[in-house]
Ligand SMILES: Cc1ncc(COP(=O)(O)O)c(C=O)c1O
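One chain comes next, on its own, written as structure tokens: the form predicted alone.
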Amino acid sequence: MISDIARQSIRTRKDYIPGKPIEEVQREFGLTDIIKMASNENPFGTSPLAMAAMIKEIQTNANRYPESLCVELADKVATKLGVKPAQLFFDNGGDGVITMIGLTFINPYDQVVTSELTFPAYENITTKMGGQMVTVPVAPDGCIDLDGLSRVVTSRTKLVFICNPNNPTGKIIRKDVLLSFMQKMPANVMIVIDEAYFEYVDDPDYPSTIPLLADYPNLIILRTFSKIMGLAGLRCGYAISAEETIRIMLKAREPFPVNRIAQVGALASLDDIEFYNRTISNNVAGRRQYYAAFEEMRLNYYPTQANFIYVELGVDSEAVFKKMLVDGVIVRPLGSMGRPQVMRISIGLPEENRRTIASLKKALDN
């Protein structure tokens, strides 16, 4: 059989199941009015400045290969963040950056440490590379347990992945806790802090990680244009780290990892302050909308610092998910993450939130 000649680490790993796409629900149920509240996408769509730039680029340069190193984008992001362009690595979305980190650093049997109940891409790349994934339970309050992570680090540990804010809980790691953890870590262990949702955070105790780069050359920070700027379909994410780290990661990359359209869209989106502020304001209001509904429904939830909410249903979330699909509402049950009675719901526009809440109430009552 063909599978017998595939790499063992690929044969034995479990499949990644993404959020159910709108197109699939349309085919299954014959629906046309569908809202997707499962993948933490921007409910306003794409930054208008980014859209205009991308349309122009398609019309003029779609036949040309993109710049390999995203030079203009790197210059602008570097200026915005106060780092050097040589400290930036761009790839095909945050997932692409995570994949390149794995290709660069993980050998078979290397140990990689992360929390349970976190972004599954970390385990995906670890197992693809034949590494050993070590997970630590979340703390009782749902936060990532950094003390627990530090206790399982050994001489075989190559990487530690930390999602902050964490997906799917929306919880953050606070400044003093993160700094204490960083001080404990050996210099030969790469610390990857995934900040895909950092723009949504309004807690003043959220750590600013860019200044830590000066003291911790083993630190890699991940960010993306997928969420706040609505470029999830274009795929553009990046890492910020020491120049030496970026140089070695560039050896693992594909020749043209970020397409031309995504590059100009990301570049233009950096100037779209109005879209950015509108997205943040909507998210703050959406949080309050869900909090009030969940409290009325007597459902436990985690207050969130991201653009989604983790809610405990007390019943099988997969069954609730299927009932809500009939209403044209797509949410994310978390049985695959070991939480069969929990759902993650994205924050949308006010009407989308109302419709989701109504569908959830209906599914729980039936």
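So that there is no doubt, residue numbering starts at 1 and follows the sequence shown. For clarity, every value in this text was computed on a predicted model and none was experimentally measured.
Keep in mind that the form predicted together with the named molecule is missing from the display, and what follows is about it.
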query: One stretch from 148-156, 82-90, 268-276, 117-125 that, in the predicted bound form, holds residues within 4.5 Å of the named molecule by heavy atom; finding: 117-125
query: 4.5 Å heavy atom contact, Ala196 and the named molecule in the predicted bound form; finding: yes
query: Contact label in the predicted bound form: Thr245 to the named molecule, heavy atom within 4.5 Å; finding: no
query: Arg287, heavy atom within 4.5 angstroms of the named molecule in the predicted bound form; finding: no
query: Partner contact for Thr224 in the predicted bound form: the named molecule, 4.5 angstroms, heavy atom; finding: yes
query: Residue (of Thr99, Asn167, Asn282, Gln111) lying close to the named molecule in the predicted bound form, criterion heavy atoms within 4.5 Å; finding: Asn167
query: Contact assignment for the named molecule in the predicted bound form, among Met229, Ala262, Val160, Cys163, heavy atom within 4.5 Å; finding: Cys163
query: Sequence-ordered residues of 66-95 touching the named molecule in the predicted bound form, heavy atom within 4.5 Å; finding: Gly93, Gly94, Asp95
